[in-house]
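Only one chain is included here, represented as structure tokens and corresponding to the form predicted alone.
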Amino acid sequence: MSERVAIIGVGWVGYRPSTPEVSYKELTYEAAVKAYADAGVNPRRDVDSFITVAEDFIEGTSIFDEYVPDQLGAVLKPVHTIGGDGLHGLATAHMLIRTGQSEIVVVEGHSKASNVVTLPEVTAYAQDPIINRPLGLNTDFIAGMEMNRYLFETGTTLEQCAAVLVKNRRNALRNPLAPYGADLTLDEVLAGPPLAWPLGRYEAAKHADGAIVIVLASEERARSLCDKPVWVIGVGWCNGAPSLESRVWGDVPYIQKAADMAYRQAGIRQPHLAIDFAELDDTYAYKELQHMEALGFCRPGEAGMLIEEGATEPDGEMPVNVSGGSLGMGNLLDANGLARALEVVLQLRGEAGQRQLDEVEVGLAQSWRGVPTTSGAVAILSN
């Protein structure tokens, strides 16, 4: 068994609104080559197990892990699919190493959203088939209902939600990976076209294509292979029912439970003091505020005020989504969690370029699998 697990290599390609010139396999192959070079490993010789995070409905093929080995160099090696977000895959790799079943594990996530002609209909298929799906409620409509309830219960304003979009799209201007950087004003966001009241169209992340590969290793292998490992000091997840009738609408207790699990492992009692920066799910702008509160960075109803005060800016007390988040980098479907983790790794290694934060030691990545799920994960990383 290995008491500690480290991320020793990362590779990525993208992110762009459309990539008609390459397949998802070519995207993944390029990311994998970069990750293996970064980690200094040979996939055939060194890697014990491979994980892909994918949804068969989106990929268009069942038992998707059968389509993964070639581009990862995983032929005749253990490969399996995690039917969840990227951080669920990272947590699985963490467990494989901690329990001694593997020494080195590779996690892959990708998005080829531009290939999916009927993506809204595919996403809506996740709703309860008996009670909810016959109503024809689309994904954004459900998000709008949740946003409305969140604003009502916490007193958060439309202006505070719009400020999340302004911040993240502006942060994306300093991130060469982000295709949706923009310098917007609050008035421009609030005057934008509606999507599902009170949710505006600008406040929903646009999709992007890309791939991310992360290599994890036991402490012994990490120290022999890597000069600057990033340690996984805590992981947590919680998966609830997708049905709309059984959920709590104003807050997200599943994120709180996932965070509590990760905090216990990391020995963190006061996250707002122990965490230097965070990469949070912002598939919709209001979700960043909702997730900040669930993670214990502030009390319910206070996240909007922190945004207004500049506390979550790159030079603030608690930088959030310095990368631009999904609003700036694009919605990468099941790879979103890996995109959040990738940014944390780059920051902790001092390799984030123009957006590099000063003197950071502990970062948090958080994911949500999207409407209609009550499913999320948290990973705490340290250098």
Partner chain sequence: MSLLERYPNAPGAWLGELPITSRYTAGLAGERFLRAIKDDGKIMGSRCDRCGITYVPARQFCERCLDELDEWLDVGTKGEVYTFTLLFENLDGTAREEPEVVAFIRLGDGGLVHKLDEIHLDDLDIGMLVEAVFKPETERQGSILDIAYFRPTSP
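Just so you know, these numbers come straight off a predicted model, no measurement behind them. Numbering follows the first chain given and starts at 1.
Heads up, the form predicted in complex with its partner chain isn't pictured, but that's what we're talking about next.
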- Using heavy atoms only and a 4.5 Å cut-off, decide whether all three of 29, 75 and 231 touch its partner chain in the model of the complex. no
- Message: Please determine whether residue 121 contacts its partner chain in the model of the complex, using a 4.5 Å cut-off between heavy atoms.
- Response: yes
- Does its partner chain come within 4.5 Å of any heavy atom of residue 153 in the model of the complex? yes
- Does its partner chain get within 4.5 angstroms of any non-hydrogen atom of residue 283 in the model of the complex? no
- Query: Would residue 243 show up as a contact with its partner chain in the model of the complex if we use heavy atoms at 4.5 Å?
  - Reply: yes
- With its partner chain left out of view, choose which of 131, 274, 173, 305 has a non-hydrogen atom within 4.5 angstroms of it in the model of the complex. 131
- Task: Name the stretch: of 67 to 75, 103 to 111, 231 to 239, 140 to 148, exactly one has residues whose heavy atoms fall within 4.5 Å of its partner chain in the model of the complex.
- Result: 140 to 148
- Query: Listed by sequence position, which residues of 44 to 58 have a non-hydrogen atom within 4.5 angstroms of its partner chain in the model of the complex?
  - Reply: 57
